[in-house]
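Heads up, the chain below is alone and in the form predicted on its own; it's given as structure tokens.
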């Protein structure tokens, strides 16, 4: 506990609408005989003067009742989870999470926590991952903005350290190992020495975490502004190898990620693109193992598979004398993400130029005739129509059918 007050920072760093919401929420909670707090990463980022509008509130009392009252006042919507006494408020363009202060316990390593009891803010903060995320701010009117820092989070911010709150932290929840790396690299901090020793001691506890939770941590890593920093650190610490023993991420991989980001900016890079970059060195067998372990969704797994399949086709794509029609025939069966990854990774200049040609021009070319035209000319509906359209498209790409009339003549010959 200390006398630092962050009301000024709240007013300066948050939009007016959110400041008013926090003030109103504090008053409303007080009217319900409850105490309300702003907690977690947003408090950390207020102190660091980093933008963060992901607001998490903790109330000593009934979170759902408070959320419903705030939603009424703000004309918003509440999504409640009565089992956990948590709620999400949505109004206009904003979303805020409210949870009841609680103590948690872990029945076994890797298990999701169970609520042991509802409690006060002091006991709620001890269940959190790192000291820099275990701070809170009073929102009730008499103490609005007052900082609660029982576990020296502010001191660790000043020292640039990521430190766990107790020695069994990674055994209880090994996903915190991934989070330690993400926070360290995002904030340009250093994992505190004892915490680093605990990571090395407890790294095998990652094997207790379910595949979908591991995938979630990897996805969060890939969403970072510079994911290559966290991935390289994770590789150095042996964390990546817990996803697959052949998953590597050295300096060349980091340069690859930077190159990819430079080529695709200012466009948003899809999640599966970076994941495909990460597994580009895999064999098909390793990819299957990886997809099964992390329970990769089928649509994403297909992109990853196609990326490696196209990688094996690159020598063919680089052959001399390949016509535009042949380039189209080879590439049109692959999704664009698979092509983009190979465009960045390919060492062959000829293969690169043909993928660029396909993306810029060939994939947009259309035949003069359509399926309805073909059926009116006697082509039976079904696979035969598709096959004929593909023949016409290749002929147009190769310059053998430049007009509608020439396409009609070709259909008469093959029909």
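What you see is a predicted model, and the numbers here were worked out from it, not measured in a lab. Numbering follows the first chain given and starts at 1.
Beyond the structure shown, there is the form predicted in complex with cytidine-5'-triphosphate (CTP), which is absent from this document and is the topic of what follows.
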Stretch in contact in the predicted complex with cytidine-5'-triphosphate (CTP), which is absent here, among 41-49, 22-30, 59-67, 378-386 (heavy atoms within 4.5 Å): 41-49
Can you pick out, from 232, 171, 305, 175, the residue that has a heavy atom within 4.5 Å of cytidine-5'-triphosphate (CTP) in the predicted complex? 175
Only one of 156, 140, 202, 129 gets a heavy atom within 4.5 Å of cytidine-5'-triphosphate (CTP) in the predicted complex. Which one? 129
With the cut-off set at 4.5 Å between non-hydrogen atoms, does residue 183 touch cytidine-5'-triphosphate (CTP) in the predicted complex? yes
Could you confirm whether residue 311 comes within 4.5 Å of cytidine-5'-triphosphate (CTP) in the predicted complex, counting heavy atoms only? no
Wondering, does residue 179 line up within 4.5 Å of cytidine-5'-triphosphate (CTP) in the predicted complex on heavy atoms? yes
Does residue 253 reach cytidine-5'-triphosphate (CTP) in the predicted complex, with heavy atoms at most 4.5 Å apart? no
